[in-house]
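Single chain ahead, written as structure tokens, the form predicted on its own.
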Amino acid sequence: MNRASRLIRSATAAATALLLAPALAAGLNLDQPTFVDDVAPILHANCASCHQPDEIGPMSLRTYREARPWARSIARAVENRDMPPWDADPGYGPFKNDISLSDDEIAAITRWAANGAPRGEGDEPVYRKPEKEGEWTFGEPDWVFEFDPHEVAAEGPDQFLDVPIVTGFEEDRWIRAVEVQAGDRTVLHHFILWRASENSPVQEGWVGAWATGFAPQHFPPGTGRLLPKGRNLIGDFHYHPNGTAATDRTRVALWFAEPEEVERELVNLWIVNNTFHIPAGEADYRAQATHVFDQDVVIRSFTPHMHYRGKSMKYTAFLPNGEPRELLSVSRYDFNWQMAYDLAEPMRLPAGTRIEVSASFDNSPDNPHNPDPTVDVTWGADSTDEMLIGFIDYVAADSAAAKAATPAGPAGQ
């Protein structure tokens, strides 16, 4: 699945949140909101990490001078909930990485724009990038891999690149943290680090990822990703030309845990349907994939995945007694802004629970992202093909089975 995109937008870093706390604590003036008092704190907390120079946002939104010309566009984007990118339908979760704006925050921005986008009195809040100590977030890594430089042309279609990584590890390794340092954030749209299948250059399990605004990953205490001895990795790149030729030099760092520090393997399960056939012009093609857990599990995260024709996806659990429990619904799926939805409170499900992943696809001319509505579409690795995968991160609930061999990679049908 080398065209996947796990664009996980992190909430504000702790340092930025502390800077903004006084403004946010004072409350929003929904009658006469101003940039200085109301809008700037919202933009700094939720938008500026991407909308600043040398980042993926098409315009910078750190100051009044930068944001004022875009006031109406900003208002439309937040009112339609297109920005910040968070596609989970209301009523699910709660999710600890939820970056959607509150109703009051949306009202403040839309009314500010409708009132002529006033600046307000006094000094503007200053946006500062969160600082970190040292070269790497979690201290000196246990392992670093630097990819060869990759040239990205100024113009042309997006580029997708898979790079095999020979690890040479002679014993099992438990990964407790991952950090990706993007070489050139202006052209690297996203990066995914995969565990390769045994004796094969095919993705088997998700290890880590990077996208603009996405923080380095430290897995929950007592858990880790298993990298069996001799197993290799794959670097999955998506480049987006921006009008200026660039050279990307991306690096990846891993931190390992001692085996006795890991109580449970953090398993990346793929619930897959690869037998669908989407007719040309079909506006609402539906398909499903299922998986039945053979042990008690604790669910930590969901990540829906389709390509350009993906329209919606829903996760539903059917408990052994037949009771349905809706877990996540994404009604407006967007291939460009895919998310991992991390549960604020991990969810325990008993053995025998069946997870159903239901998806719909739009292969019609009305889909503005459709590469070609005149062709039938089936499973494939290219973005112009399609996929139906419901990723789930989970751990075994039973400590006796928590570090046994677990099903990673594609599962279900």
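All residue numbers are counted from 1 along the displayed sequence. Quick caveat: nothing in here was measured; it's all calculated off a predicted structure.
From this point on, the text means the form predicted in complex with ligand HEC, which you will not see here.
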Self-check item: Contact stretch among 65 to 73, 356 to 364, 384 to 392, 340 to 348 - heavy atom within 4.5 Å of ligand HEC in the predicted bound form
Solution: 65 to 73
Quiz item: Do residue 57 and ligand HEC share at least one heavy atom pair within 4.5 Å in the predicted bound form?
Solution: yes
Quiz item: Would residue 101 count as touching ligand HEC in the predicted bound form under a 4.5 Å heavy atom rule?
Solution: yes
Practice problem: Report whether the minimum heavy atom distance between residue 227 and ligand HEC in the predicted bound form is within 4.5 Å. | Solution: no
Quiz item: Looking at the partner-bound form in the predicted bound form, is residue 317 within 4.5 Å of ligand HEC by any heavy atom?
Solution: no
Quiz item: 78, 267, 278, 327: which sits within 4.5 Å of ligand HEC in the predicted bound form by any heavy atom?
Solution: 78
Practice problem: Only one of 289, 299, 152, 83 comes within 4.5 Å of ligand HEC in the predicted bound form by heavy atoms, so just point that one out. | Solution: 83
Quiz item: Taking ligand HEC in the predicted bound form, which residues of 29 to 52 have any heavy atom within 4.5 Å of it?
Solution: 43, 46, 47, 49, 50, 51
